[in-house]
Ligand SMILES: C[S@@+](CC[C@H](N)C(=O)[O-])C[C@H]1O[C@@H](n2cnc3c(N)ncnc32)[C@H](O)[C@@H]1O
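First, one chain by itself: the form predicted on its own, in structure tokens.
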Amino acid sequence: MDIQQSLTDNLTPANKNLEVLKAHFGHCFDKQGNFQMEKFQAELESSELNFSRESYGLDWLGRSYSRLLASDAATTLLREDEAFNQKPENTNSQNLLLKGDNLEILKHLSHAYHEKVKMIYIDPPYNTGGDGFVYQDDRKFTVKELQRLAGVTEEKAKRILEFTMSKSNSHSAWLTFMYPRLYIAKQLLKDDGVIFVSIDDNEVAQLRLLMDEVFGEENFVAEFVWEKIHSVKNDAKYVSDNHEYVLCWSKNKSEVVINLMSRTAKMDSAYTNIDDDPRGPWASGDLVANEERKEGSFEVNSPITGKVFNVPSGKHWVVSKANLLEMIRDNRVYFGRDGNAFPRKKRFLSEVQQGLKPSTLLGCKDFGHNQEAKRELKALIGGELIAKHTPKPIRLISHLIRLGSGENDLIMDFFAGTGTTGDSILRLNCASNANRSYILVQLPEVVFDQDKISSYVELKNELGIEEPTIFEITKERLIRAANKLREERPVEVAGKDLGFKVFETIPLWEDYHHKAETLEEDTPPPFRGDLLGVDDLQALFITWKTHDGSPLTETAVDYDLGGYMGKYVNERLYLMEKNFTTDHLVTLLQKVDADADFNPRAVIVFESNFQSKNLRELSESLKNFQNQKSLEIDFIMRF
């Protein structure tokens, strides 16, 4: 029953595709769990499949490396901002703001949030040459390691490593940066989920091919064109660049529903009820089409005056004679107040589709523009922000959220920028009976032009921060947006989740490596886990429990085992601290029997903080323990 896991330095993202292969083609894996492509191909070839190597697709320098990054282990731990998260407005919040490299964070979330996200919106670097994007990678592979892991030649491995260290902003660099993030993001989407990606002309062609590869060409939904400025730039070199794009793909198009746009009061005002029809307000529509059709010309009589009507020469009625006569009998045709007007059909408001199909054209009049977005941010933060990335307007992001999510869904933005997505969700929730929640991820990058010193100093003073970063801007914006809603709309915000929790990535300890693999009593551990402080153990616990499938917003219960504190969440008991004794073991077994709310299916221990004899005793006791609840309890050692 003992399960030993080198988890802390091997935190790999979830790979459900591999699980499917193991379930259906288990014989194609060797004893070490390695997938044997030759056996798999032979299995498929027996079904007479065509394995031609020629196909249409996207290739670039770094493609194999980017695939490796998508499955490579995380190199960080997750740490909680306990002081902030314990504030009353944040304690029970389901919203998250995460600080760090979004690839690392996506890997950490891939188990706990697998197929939990309904909608993703991202506004990644556009790679314009002036937005500061360069590819940077702190992972260190030797040529031989990359050859083995990526399955490439020595020459190509050398070229890839040179490329990853060159701080390039080529198309290949951008694709290598984007691929692993999109690959993991797909795993987080629900089966009926969608992803929206903002982009401009610099990378839109590459992005479409990349999205086809990751999500499947068959899952393409739409390419929206957003009018980002409301006037022509006459100083443009060639033509005025007035638009950007928002690409939309689905996880599974057959499951996706894109919500309708709400009807406006102006639209509904066109419906009246001048004849007091009991079916309610209606608007008139044409019964004549502008071309000739066989049997499309015939006479009808006004039921009020008997006046005869027919279509003009060269035209036809839009319905058959039988159908038109039935409409007249059902009072669905209007002949004017006096019964002598040319007939028109009645379209009842109650029967009109309660919403409008969204258009791919997003004009700035209805969906905002760049200057509006800057004003919105400045109104909350103050100062003249000098950012390389212009934020998106709330009206645009709110529109996308309405199209792609329901009122209780989880929405993710892992290029959160200055927090427009979170701000938009708060406003939408308060404007209706909605309870959407968000996960925002942002790197703490300094992107301000310090040469414009007055604005920079103003921003530092406003935030009370020595070196403002985009993350701090996002955090402050969410706080101030919530406070503004509390002040201006106290009734609507009652009971709404306006808080959020903050977590960040921290590097693994430099000297971290697992202890000896034996349980000999006198074998000293190479890694001194007993030297870790309370904060270190808490970060280790948060990282482990998230990897085990518990959301970051789910709080663990502290269990007192006779003076030794364990952490219990989702039927898992984590024993992280040192000085675990036989007395604590006895208390643990007694609680399993007596406590109705304590039903651990697994006991997970931090091996470095346990003596070998206590590990053996705990393992044997759980193996032989017969409890009143008939629980089978796994014993897992991690290092």
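All values reported here derive from a predicted model rather than from experimental measurement. Residue numbers run from 1 along the displayed sequence.
Beyond the structure shown, there is the form predicted in complex with the named molecule, which is absent from this document and is the topic of what follows.
query = Are Thr543, Ile604 and Arg638 jointly within 4.5 Å of the named molecule in the predicted complex, each by at least one heavy atom?
reply = So, no: the whole triplet misses the named molecule.
key: Contact label in the predicted complex: Asp123 to the named molecule, heavy atom within 4.5 Å   = Because a heavy atom of Asp123 falls inside 4.5 Å of the named molecule in the predicted complex, the answer is yes.
ask   = Is the gap between Asp338 and the named molecule in the predicted complex 4.5 Å or less for some heavy atom pair?
value = Heavy-atom contact with the named molecule at 4.5 Å: absent for Asp338.
key: the named molecule contact at Arg181 in the predicted complex, heavy atom, 4.5 Å   = Taking the distances in the predicted complex, the answer for Arg181 is yes, it comes within 4.5 Å of the named molecule.
request  = Please check if Phe415 has a heavy atom lying within 4.5 Å of any heavy atom of the named molecule in the predicted complex.
outcome  = Contact with the named molecule, yes.
ask   = With the partner removed from view, which of 189 to 197, 310 to 318, 99 to 107, 326 to 334 is the stretch that lies within 4.5 Å of the named molecule in the predicted complex, judged by heavy atom distances?
value = In short, 99 to 107.
inquiry  = Under a 4.5 angstroms heavy atom criterion, identify the one residue in Glu145, Glu445, Asp366, Glu291 near the named molecule in the predicted complex.
reply    = It is Glu445.
ask   = Pick from Trp282, Phe177, Tyr113, Tyr245: which has a non-hydrogen atom within 4.5 Å of the named molecule in the predicted complex?
value = Only one listed residue qualifies here, and that residue is Phe177.
message = At 4.5 Å, heavy atom to heavy atom, what parts of 465 to 502 sit next to the named molecule in the predicted complex? List them in sequence order, or say none.
response = Result: Ile470 alone.
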